[in-house]
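Shown below, as structure tokens, is a lone chain in the form predicted alone; questions about how it binds or moves come after it.
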């Protein structure tokens, strides 16, 4: 299994670039003493899983390759099994509506997901136990919503995975330039999910990933 410290560093984005993270922060993040955290970090460094320099920590390429390998093993064991997330509704950054109104995205969603999204996203905060499921999901082939350029501004690619939330159709999306961390899922749907499901911040929700089957686009 992927170690607790590696998960913590993944959440902090240490797989993308070196992050300034103290031993105390690691200890608090994984629920151990600072001495234990220090010992684990030293061991990971000896094993070539992390590198440390000037107070910054990064996951090495070896660690990233090992993570991907373990995720593939999990995918094989989950073959035919539905991935389900449980989380709580959370406030977003207020940018979802702007992006969901972009004509190119709307056309792509309608063509590839077969629905026109409500102009906004539902943000769901998942627990640490579900982060591994998120990583497993990202190893699967997504429905790719291509990026584009409009009025000298570029809009990035979006990876999407069909899902069902309380029986309603939707998709989990991963924008190329998302500011959210590993514990936040962004959901789009043809419905205003907050109103349709009577949701508010803190409401419990269950999201079930469904097959990315092709479909006939709606007019």
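The structure presented is a predicted model; accordingly, all values stated were derived computationally and were not measured. Numbering follows the first chain given and starts at 1. Between two forms, the rigid core is defined as the largest C-alpha subset superposing within 1.5 Å.
Beyond the structure shown, there is the form predicted in complex with the DNA, which is absent from this document and is the topic of what follows.
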Is residue 200 close enough to the DNA in the predicted complex to count, meaning some heavy atom within 4.5 Å?
no
Closest heavy atom of residue 183 to the DNA in the predicted complex, within 4.5 Å or not?
no
So, in the predicted complex, is residue 33 in contact with the DNA at a 4.5 angstroms heavy atom limit?
yes
Does any part of residue 194 reach within 4.5 Å of the DNA in the predicted complex? Heavy atoms only, please.
no
Please tell me which of 51, 38, 164, 178 lies within 4.5 Å of the DNA in the predicted complex, judged by heavy atoms.
38
The chain here is shown without the DNA. Which stretch in 166 to 174, 23 to 31, 63 to 71, 184 to 192 comes within 4.5 angstroms of it in the predicted complex, by heavy atom distance?
23 to 31
Did residue 178 shift 2 Å or more between this form and the one not shown, C-alpha, core superposed:
no
Is the C-alpha displacement of residue 150 equal to or greater than 2 Å between this form and the one not shown once the rigid core has been superposed?
no
